[in-house]
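Below, in structure tokens: the form predicted on its own, a single chain.
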Amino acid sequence: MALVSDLTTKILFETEKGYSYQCDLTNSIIINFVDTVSSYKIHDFLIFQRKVNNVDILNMLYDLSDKSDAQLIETTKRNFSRNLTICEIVQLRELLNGTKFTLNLHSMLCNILKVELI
């Protein structure tokens, strides 16, 4: 069973708080962040990544009220729904941005290799 798992998943990015991988069987991106596992098609992943990047961290830092200590982050399909602290939002951003970078880099390398083969 481990062999099947190794053949169908590819680790994309890893941080202290989580990791992401690509599943070839479901054609999706799996995010494991602080023991919460969620699966996304690439379009949904990009929407989620944009949503997390749009959280106004600076405003949360300067707001002294208790409500700004954490923010509810959820996706449109409810794959991920958690109340995250400022530090967790920054850590999730790092994971999502690193994953997106890896996907973009892989895509660029595949395009270069296709051009050279033709």
Partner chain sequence: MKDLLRTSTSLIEGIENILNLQAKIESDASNKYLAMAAWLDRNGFDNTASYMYKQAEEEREHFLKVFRYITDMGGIAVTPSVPEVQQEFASFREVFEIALQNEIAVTQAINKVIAKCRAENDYATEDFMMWYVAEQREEEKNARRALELFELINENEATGKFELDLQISKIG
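Residue numbers count along the first chain shown, from 1. This one's a predicted model, so the numbers in the text were calculated from it and none came from an experiment.
Although not depicted, the form predicted together with the partner chain is the subject of the following passage.
Heavy atoms within 4.5 Å of the partner chain in the predicted bound form map, among the stretches 74 to 82, 55 to 63, 38 to 46, 88 to 96, onto 38 to 46 alone.
The putative spot formed by Asn32, Lys51 and Ala70 is not touched by the partner chain in the predicted bound form; no residue has a non-hydrogen atom within 4.5 angstroms of it. Taking the partner from elsewhere, Glu16 is found to have every heavy atom lying beyond 4.5 Å of the partner chain in the predicted bound form. Residues Gln22, Asp24, Asn27, Ser28, Ile29 are the ones in 22 to 38 with at least one heavy atom within 4.5 Å of the partner chain in the predicted bound form, listed in sequence order.
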